[in-house]
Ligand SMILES: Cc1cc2nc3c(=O)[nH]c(=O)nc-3n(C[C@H](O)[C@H](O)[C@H](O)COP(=O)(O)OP(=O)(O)OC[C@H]3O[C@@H](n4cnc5c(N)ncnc54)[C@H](O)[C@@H]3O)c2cc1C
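A lone chain, given as structure tokens: the form predicted on its own.
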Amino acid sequence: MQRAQIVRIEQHHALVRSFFLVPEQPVPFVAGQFVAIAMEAGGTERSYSIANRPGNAELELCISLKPDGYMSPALFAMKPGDTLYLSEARGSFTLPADGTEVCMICTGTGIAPFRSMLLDALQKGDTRKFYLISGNRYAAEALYHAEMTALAARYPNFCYLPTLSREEAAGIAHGYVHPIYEQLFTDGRDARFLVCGWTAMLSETRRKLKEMGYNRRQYFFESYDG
């Protein structure tokens, strides 16, 4: 692992912040991958998806505070100028290369790898159809909402579908993520489903996709609890 400095911190809401890190040496990565961080060399690691597209000097990690967790309380006590230790990029949760339309399903900070994928793919001119179904409880928790709305307005092959489970807000569906993809893919057409978020949501999505006739070559999962 190498040292990395926190150059700035942006607060999305009370429990979620983006930490912008500059490592001593560049960290090449594929959109969708994650890095592990530690407070000290050889210390306990925790993994977080990279939220920005490849090619930037900074790495953005979008992290939720888990009060009883090991890493996030320590991170939330840090400030710009502080340093930590950073791994190489890891993981295979990346965009399929076969050109099939992609449905991304997430909750909370599970949007982070999808933001990286979408920024990279859309700016490179990838013309396949992309759907992003982002579930949260309250409107204030809808991460990158304005940015995703703007991307959907700019790119006709990208459809942004946010939903809230515990309140109603203008322009956002009310309910859970599951009815949205069930309705979108009721015809059972070929697609690739990328799913990232709370463990309970992943389990339910796996069950429903199987019931819809999709198989393990068509869906891919990345989990977290935070």
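In case it trips you up, residue 1 is the first one in the sequence shown, and so on. Quantities reported herein were computed from a predicted structural model and do not represent experimental measurements.
Keep in mind the form predicted together with this ligand is missing from the figure; the text below concerns it.
Listed stretches are 186 to 194, 64 to 72, 170 to 178, 22 to 30; the contact stretch with this ligand in the model of the complex is 64 to 72, by a heavy atom cutoff of 4.5 Å. Contact with this ligand in the model of the complex, judged by any heavy atom within 4.5 Å, is made by just one of N56, S47, N157, S165: S47.
At least one heavy atom of S223 is located within 4.5 Å of this ligand in the model of the complex. Contact annotation for L86: none of its heavy atoms lies within 4.5 Å of this ligand in the model of the complex. Looking at T109, you'd find a heavy atom of it within 4.5 angstroms of this ligand in the model of the complex.
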